[in-house]
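Below sits a lone chain in structure tokens, taken as the form predicted alone.
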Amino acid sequence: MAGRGPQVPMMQPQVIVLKEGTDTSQGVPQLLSNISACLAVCDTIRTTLGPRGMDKLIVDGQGRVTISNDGATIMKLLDVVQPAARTLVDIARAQDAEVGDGTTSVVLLAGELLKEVREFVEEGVSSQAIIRGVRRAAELAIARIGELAVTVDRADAAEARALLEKCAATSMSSKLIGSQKEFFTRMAVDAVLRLDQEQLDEGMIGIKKVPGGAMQDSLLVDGVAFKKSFSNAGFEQQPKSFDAPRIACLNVELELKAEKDNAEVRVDRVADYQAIVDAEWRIIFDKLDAILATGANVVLSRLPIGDLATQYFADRNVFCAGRVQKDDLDRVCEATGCRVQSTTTDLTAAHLGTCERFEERQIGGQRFNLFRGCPEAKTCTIVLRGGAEQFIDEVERSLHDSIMVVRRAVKSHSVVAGGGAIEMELSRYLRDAARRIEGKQQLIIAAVAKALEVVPRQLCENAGFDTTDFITQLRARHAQDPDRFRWYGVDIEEEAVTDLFAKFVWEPALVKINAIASAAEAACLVLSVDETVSSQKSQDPMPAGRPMPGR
């Protein structure tokens, strides 16, 4: 229009959605950054895989030292702060809780999946297309495991036990206790077989650690065993063993305390003070008489049992132990049928439990209370011996993994060969399946097939073998005759490619199924994230301990 000056463009108002200091990263660079973080975590535990895997020494913020090659333990102690990489910590914990073994393998598989599909992300392939391919490949692999798994007949007890021992031995071969594999294999299988075979509650297997001695000094107690935490004057006079004892479990303090510790008492006469003291003695003696009247000859309590009560029970041929840990007392109740009582009022023989035999014995430098032949629940306790405290802790973790594997083998009767054999067979199967699929999915499934080779490849690297030569031999054998060479893997002992199923390197099929499913889901989760929003940590305007400024 005439006479009007040049128009000034209108300024768009700035819209602030996020708080100042919030960091946002999005797009392909963010996705690649997440993948790199996951690969860095995988590189940390890569060398712990297999019988020749190395241990990691980790020192936490409090100076506690942990030496372990267990994947779940290492991931838990690493204190990973990168949000995407913490996904790998979660799947390691889930694998440990679900099946007990394969924690390192599941992290390596997830990392290798991300490594193989990273080039597709860099080339601009949609993340959703990659996710569909990974999930399809995982479904094909899990279905193939179901076809390949060998079911062992459980009708023959000897054959069923041999299956469990082979699964436990395979799990222990990569642990610190691998040198004593036969000894601990029998212990793990015996522990699981002594449980209720319907429930298989691993909580009924107690593990106690006693420093000193050798690993071979470890023992399995058919029943409940726990360390006697405290001994009062007079405990030497108590009987140390009973046949068919009557057991009372209490949450009652049987100790006479000084009056000044309990309350302030104001009296005018000495006789009044003496009456208060006599009343306290009368109260505790009433409690002791009520316990004795039930016929109990073994008394356990979570709270202290003082010198007076200990001597009282010793004079009447009754064994007592105070300050018993809660989990130990709960296992005694479950196994013997008694119930924890919080008062001695109305305490009757119906509240007591029993077992075939009770005894107190010395193990190493500590005294243990042993309850054998428990009728109500099938339970057992493993007492571990060893030199250093860190060594016993690692033995406990290793034995726990083997117990979980045996427990899973009892529930599911199907097994596959370990040593990278099943992964190589799945890799061959997925490559053949990819050739029959059109489009981008073919390349992604082929990438998953290559990622599965990380297990045998890492086994060779950790053992110091020629990785290229071994992987080439495995590929050739599996491609030559899949039916005949399906169980060929890396034999660490013989340093060769052999039939590992014939050499009894067995693993429950559920371990592999869970590992592949968890790794695929973790990889898909990382690939589905295209933006990370990190809020700045709130800063305390008034740090603790600093006085307020004066006016």
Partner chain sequence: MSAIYTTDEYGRPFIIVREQDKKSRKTGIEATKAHIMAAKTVSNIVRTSLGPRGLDKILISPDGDITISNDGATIMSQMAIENQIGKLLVELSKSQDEEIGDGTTGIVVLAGALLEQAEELLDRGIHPIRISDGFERACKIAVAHLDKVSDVIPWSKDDTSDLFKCAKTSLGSKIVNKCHDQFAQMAVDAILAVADLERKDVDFELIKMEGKVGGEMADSALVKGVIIDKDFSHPQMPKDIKDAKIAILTCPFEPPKPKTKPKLEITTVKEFEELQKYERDTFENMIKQVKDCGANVVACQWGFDDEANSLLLQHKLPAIRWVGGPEIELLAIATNGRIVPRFEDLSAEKLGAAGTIREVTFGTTNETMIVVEDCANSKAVTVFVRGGNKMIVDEAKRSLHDAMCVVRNLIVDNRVVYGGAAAEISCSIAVDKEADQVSTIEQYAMRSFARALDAIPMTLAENSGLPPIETLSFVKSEQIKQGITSLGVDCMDTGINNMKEQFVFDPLISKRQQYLLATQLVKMILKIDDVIVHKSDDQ
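Source: prediction; values computed, not measured. What we label the rigid core is the largest C-alpha set whose atoms superpose within 1.5 Å from one form to the other. Residue numbers count along the first chain shown, from 1.
Just so you know, the form predicted together with the partner chain exists too; it's not on screen, but the next bit is about it.
For the partner chain in the model of the complex, the listed stretch (417-425, 279-287, 126-134, 162-170) containing residues with heavy atoms inside 4.5 Å is 279-287.
For P211, a non-hydrogen atom is located within 4.5 Å of the partner chain in the model of the complex, even though that partner is not displayed. Proximity of S174 to the partner chain in the model of the complex falls within the 4.5 Å heavy atom cutoff. In the model of the complex, the partner chain stays beyond 4.5 Å of every heavy atom belonging to A244. Residue contact with the partner chain in the model of the complex: L347 places no heavy atom within 4.5 Å of it. For the options D315, D327, D196, E119, the one in contact with the partner chain in the model of the complex, meaning a heavy atom within 4.5 Å, is D315. A heavy atom within 4.5 Å of the partner chain in the model of the complex is found for one listed residue only; from G364, G439, G203, G295, this is G364. In the model of the complex, the partner chain lies beyond 4.5 angstroms of every heavy atom of every residue of 125-160. Relative to the superposed rigid core, E139 undergoes a CA displacement smaller than 2 Å between the shown form and the other one. Relative to the superposed rigid core, D79 undergoes a CA displacement smaller than 2 Å between the shown form and the other one. After superposition on the rigid core, the Cα atom of K411 is displaced by less than 2 Å between the shown form and the other one.
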